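Quick heads-up: it's one chain on its own, the form predicted alone, in structure tokens.
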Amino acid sequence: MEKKTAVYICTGCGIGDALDTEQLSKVATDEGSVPICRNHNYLCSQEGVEFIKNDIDNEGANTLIIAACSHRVMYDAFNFENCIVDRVNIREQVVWCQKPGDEDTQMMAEDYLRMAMAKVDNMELPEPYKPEEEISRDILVVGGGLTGMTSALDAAKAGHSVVLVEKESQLGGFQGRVQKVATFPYKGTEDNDLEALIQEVTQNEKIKVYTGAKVDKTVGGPGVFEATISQNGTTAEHRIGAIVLAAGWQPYDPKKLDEKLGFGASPNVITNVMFEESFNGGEISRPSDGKDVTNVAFLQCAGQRDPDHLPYCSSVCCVTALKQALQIKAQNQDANVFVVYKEMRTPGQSEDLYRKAQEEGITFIRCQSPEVKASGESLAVEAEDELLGEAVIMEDLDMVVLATGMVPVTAFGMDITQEEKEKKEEDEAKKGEEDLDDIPLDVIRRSDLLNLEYRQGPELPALRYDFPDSHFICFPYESRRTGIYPAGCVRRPMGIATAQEDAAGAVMKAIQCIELTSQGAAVHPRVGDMSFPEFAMQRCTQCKRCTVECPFGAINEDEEANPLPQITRCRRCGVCMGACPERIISFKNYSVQMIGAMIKAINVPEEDEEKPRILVLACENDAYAALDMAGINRMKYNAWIRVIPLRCLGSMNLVWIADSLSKGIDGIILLGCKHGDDYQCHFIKGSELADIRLSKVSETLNRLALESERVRFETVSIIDYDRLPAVLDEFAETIDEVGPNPFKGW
């Protein structure tokens, strides 16, 4: 579109007191040749918004630069349709963090305005992406257990058609093998009423149920998924809008437990899962001979919270043990029932079940390392009671029940073929990762749940402990594959009530994904973003960097290794843009050229003025927010700083470093999210990729004969705002010691 730019400078919130706004206006009109430049003392008010709308309607203004508060606030007020809008943060990151009336403060504000004018010159109005195919609003639910059936019903009640796929011959999952349940109000146990839920699902006209079935193939992306489902030798294809993965869990293998827990030494040592399966609908009896049980011990955390087995707590084992112990007491009130625990974990109102067990005469023994003694018919447990400070021996036991934990079904799967192993080795070697030559074939496994036809693999990436969650802090239910939402015990261990809540949450995310995709907008975390990556394929060198580094599997490849972007999978992070050495990937409102123009717009004083310039490339999700927080708290930091927010630090292209240094900017600091096992990056690995790329920038510095201290990477979260000024000031001191950039003035 033909642009007509208008600049609006707010003088409220102390801006007019700290800055010479008339001089700021001259930067826009004289340097930027902006035809419309106006000041207002309260731009975000109804009067101020109408002030801007009047220029849109009567003056034809369609490219708006609003110099006021941070773009992280008042975004509803400054939302103008069919207009390019950029916000210049002269409140939080200028007047609230710098000395009022100071020359350096004025220079900072003027630079930010110059950068905004350069930015909008390189921006175009985003157009929503509309796939050629019609958007589907159907939801695929994989897994017919409690979570899957609840998901299907919730989606159907919301008006969506559902395809429910269950691998077993009947619905119910593990919960279908449970006779008694402990649920709110946790006053005891009650009969499992799962059959009513099954009937409700199978009789719902909006739910198509496949049992004894599997998903053979999934292609496409949100709104345009194509799922091929096989059942009894036949196949069916469905167009799908989003997917809920409710595949469930499997018990930890008790054969892997320590010998002292006694599994395998006696048939009367069983697991909590075996207890449910053996006594469902019948009397609880001794496994070896079917006799009545009068002495039973439950050993908690069998292989759980143990770095050699399952490092995590499975959440429900304590409540399950209480329920099973109460079942024994209900059958035989005189039975001696012992629960040996490390810590009893009965949060919330499930504490009432713990009290109920105490009232029923169940004995609790706190011990970190009990030992099972099995010899012939004799079965006993030795435990060091931490509360009594003495050894306790439970003799003549009829049964010992081990509380083994939950393992997500994504941790299991099919053994891969030798051909697949060789291809995996080749792919890993290309990425410079661990060589697999010494890993036996039988320990390399793949899940067989979704069978995605993605270049990045057929299943959801298995993260810590094989759970397929995407971001453990900000985005529950989300996976690293857009439009696919894990729910229930495949996402994390949980009980019945939590699984039902989880089902609803995942369905809500799936519906949100479908709605946003139908509008051509991005899903979390850049919800509503209408831009999308465009590829100038005539310059592509088939290097595969974009496909390898995309955190969300949004780009496939053809046989010639050309990237094939699936836009509805894209989260608009720009990691592909930062990865591309040929710079062929751009967004209409975010590009390598645009950021480069912003860098070049910074006014770099001559060396004798002794005013160095430091460029800060800041992640917009955390680091930029932390800078805002520092301003809100009126924390001061060095006035040499010039901040450019990036969608994700992973979108950083190394050409920006070279351009900055060659322009004469004295230092560059990258502020990104924490990465590693406890990553906090909203785009999973963007911060880590930026750090890796920056480690290779020494070659550029050496070529330019510049010191490596001029470029630094720092991890920062929003809660680190209080230490951020010190980080920036310390870096400024380092730059002062290193001295001016020798490229100044060139």
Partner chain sequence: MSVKVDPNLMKDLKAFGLKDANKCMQCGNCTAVCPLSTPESPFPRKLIKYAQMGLKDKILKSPEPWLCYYCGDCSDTCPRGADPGEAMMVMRRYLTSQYDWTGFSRRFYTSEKFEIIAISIVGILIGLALWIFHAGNPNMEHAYLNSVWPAPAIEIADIVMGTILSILLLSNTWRCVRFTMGDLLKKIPLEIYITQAKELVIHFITQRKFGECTDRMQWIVHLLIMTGYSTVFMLVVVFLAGGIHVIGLSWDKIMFQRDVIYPFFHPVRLLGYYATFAILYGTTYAMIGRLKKSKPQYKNSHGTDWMFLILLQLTTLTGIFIHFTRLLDWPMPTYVLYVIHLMVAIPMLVLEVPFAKWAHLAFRPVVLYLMAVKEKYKEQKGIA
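Numbering follows the first chain given and starts at 1. Worth saying up front: this structure is predicted, and the values here are computed from it rather than measured.
Here the subject shifts to the form predicted together with its partner chain, a form of this protein not shown in this document.
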Among the candidates L564, M537, A391, A196, the residue which, in the predicted bound form, approaches its partner chain to within 4.5 Å (heavy atoms): A391
Listed residue that, although its partner chain is not shown, lies within 4.5 Å of it in the predicted bound form (heavy atoms), from Q519, S288, S230, T363: T363
Which of 329-337, 107-115, 204-212, 577-585 sits within 4.5 Å of its partner chain in the predicted bound form, heavy atom basis: 329-337
Within 4.5 Å of its partner chain in the predicted bound form, all of F713, D736 and V738 (non-hydrogen atom): no
4.5 angstroms heavy atom contact with its partner chain in the predicted bound form for Q358: yes
Its partner chain contact at E124 in the predicted bound form, heavy atom, 4.5 Å: no
In the predicted bound form, D258 touching its partner chain (heavy atom, 4.5 Å): no
Interface membership of Y637, its partner chain in the predicted bound form, 4.5 Å heavy atom rule: no
